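Below you will find one chain, with nothing else, as structure tokens; this is the form predicted alone, and questions on how it binds or moves follow later.
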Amino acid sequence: MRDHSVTVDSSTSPATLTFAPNFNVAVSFIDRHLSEGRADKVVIRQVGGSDGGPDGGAEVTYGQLAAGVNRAGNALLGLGIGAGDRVVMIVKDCPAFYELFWGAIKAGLVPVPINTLLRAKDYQYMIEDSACAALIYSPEFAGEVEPALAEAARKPAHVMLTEGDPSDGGGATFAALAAAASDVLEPAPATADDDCFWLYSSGTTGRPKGAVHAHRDMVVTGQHYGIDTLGLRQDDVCFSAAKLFFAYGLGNGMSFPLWCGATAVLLPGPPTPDSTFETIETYRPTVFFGVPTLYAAQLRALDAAPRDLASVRVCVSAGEALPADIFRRWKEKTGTVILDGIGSTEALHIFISNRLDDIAPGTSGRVVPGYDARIIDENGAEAASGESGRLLIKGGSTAKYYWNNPQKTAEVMVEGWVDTGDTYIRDDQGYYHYCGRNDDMMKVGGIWCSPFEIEAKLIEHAKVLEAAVVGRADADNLEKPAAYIVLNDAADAGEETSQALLEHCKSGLAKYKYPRWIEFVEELPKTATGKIQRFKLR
């Protein structure tokens, strides 16, 4: 085996990463643990039961994972898939995801994990766009995957289920192929900058885009965020409500524990307050990764009945900005802080974050070691402290390009900087304040107004569970804020509550920022990864 190593020099700040000339990242994340004595340590604890309940789960050791990865890589190569070809994965959170993802990388192929919550038309687009050589999917998703395949203009040469009845997928399952394959596999030649895997963006506006990531990228996020920022260690147990197909979940639930030599808890089913609390009580994770909408729902559940969350030493939030009031209420209820941050599919994980020793509730925190950030105004000039503008980010984990989309690549990725699409303010202390997506900002009375600021104020009210604010034209065709509210108790909807919320906003916001309209709704439109789709409200 040729080198494939990465050297981490923690004496520098940020830590310096030096990659061997021949570097296949699967060696550092999978094979390394055998030489470091972790073969018998449990790396994956899967929550069992078809509903994701706590009974009947599986455990996988680092040694078993390494053998499974090698079998998966050999099974893929045995199909005749060539170097650099794409393997689309529509796979639930389970050990097979790990084995297929890392087996493809070690074999020199490119895994493309896809959102498991999408519909047939979305899968059809990604199958065609990726020009994948293989599609492997969990049986649970056949109802959407198979119609997509039937309609696809270009079909992959190899299609199969991960497991189950082979007749459902038209042939042998991948589990059967892998079981018959060798558990010895030499890593394919690669460099740190070679294409390694893709992640499709959530497509909040327009078609999803395939962000192409290199072998180095997971090392960068694992070290600079996982260790240098979050302080992960090998005795940690990580549990992510965000799924592995999501860039945030891929780090939380797989690459971070693997980089640190820790353990991951995987929940195949949907992350509800009950399922996440049951998982925490049963599997005792030390680090929990959620999103603001889940934390809000969990807080409502905790109001009804206490739960045992004592094992958790720190919680993390991303996907949407975390309102300061949710931070405060969570800390009061659990005694644990939530570290909010911002990341993206293009940057692979979080690049601005709060830290255990440096928390500013209601902000995204400060820049993560190893990254640079800029805020630019409408003219492309550097925005002054306290002024809002477009957030640009640069770092060693940013995507190389968008697959098959040179126009978007040129628009978003310029001279190493990635335009995040978010509007931010950096204050005098270096904390970054989220204002909204660039398209969500509104001018009220000629002054830029952040929807998130109004939403955060609304969420402080005891009757409000969730809020989304967008611009709407008034009778004079002037833009004003309109609020869509999900209440803790729908029975409270009415004029009295509307007036109470208006007074609440007027008492804590600048005069022009209060919502001119308040509408009560049962739920807010969201992407499959939990981001509010404000453009649908507009």
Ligand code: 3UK
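Note that residue numbering begins at 1 and tracks the sequence as displayed. The term rigid core refers to the most C-alpha atoms you can superpose between the two forms while keeping them within 1.5 Å. Everything numeric here is computed off the predicted structure, so don't read it as measured data.
Below, we refer to the form predicted together with the ligand, which is not included among the displayed structures.
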TL;DR on 420-428, 451-459, 116-124, 231-239: the one with heavy atoms within 4.5 Å of the ligand in the predicted complex is 420-428
Interface check vs the ligand in the predicted complex: of Met218, Ala211, Leu109, Ala318, the one with a heavy atom inside 4.5 Å is Ala318
Exactly one of Ser364, Gln223, Thr279, Thr162 comes within 4.5 Å of the ligand in the predicted complex through a heavy atom, and that residue is Ser364
Interface membership of Ile393, the ligand in the predicted complex, 4.5 Å heavy atom rule: no
* 4.5 Å heavy atom contact, Arg437 and the ligand in the predicted complex -> yes
*Is Ser397 a contact residue for the ligand in the predicted complex, using a 4.5 Å heavy atom cut-off?*
no
Requested in this report: Would you please decide whether Thr345 lies within 4.5 angstroms of the ligand in the predicted complex, comparing each non-hydrogen atom pair?
Outcome: yes
- prompt: Is every one of Ala247, Gly341 and Ile350 within 4.5 Å of the ligand in the predicted complex, counting heavy atoms?
  reply: yes
*Any chance the CA of Glu479 moves 2 angstroms or more between the shown form and the other one, core superposed?*
yes
Given a superposition on the rigid core, I'd like a yes or no on whether Asp439 shifts its C-alpha by 2 Å or more between the shown form and the other one. yes
Checked in the predicted complex: CA of Glu479 to CA of Pro323 differs by 3 Å or more, atoms lying closer
Under comparison with the form shown, the C-alpha atoms of Thr423 and Leu478 in the predicted complex shift by 3 angstroms or more, placing them closer
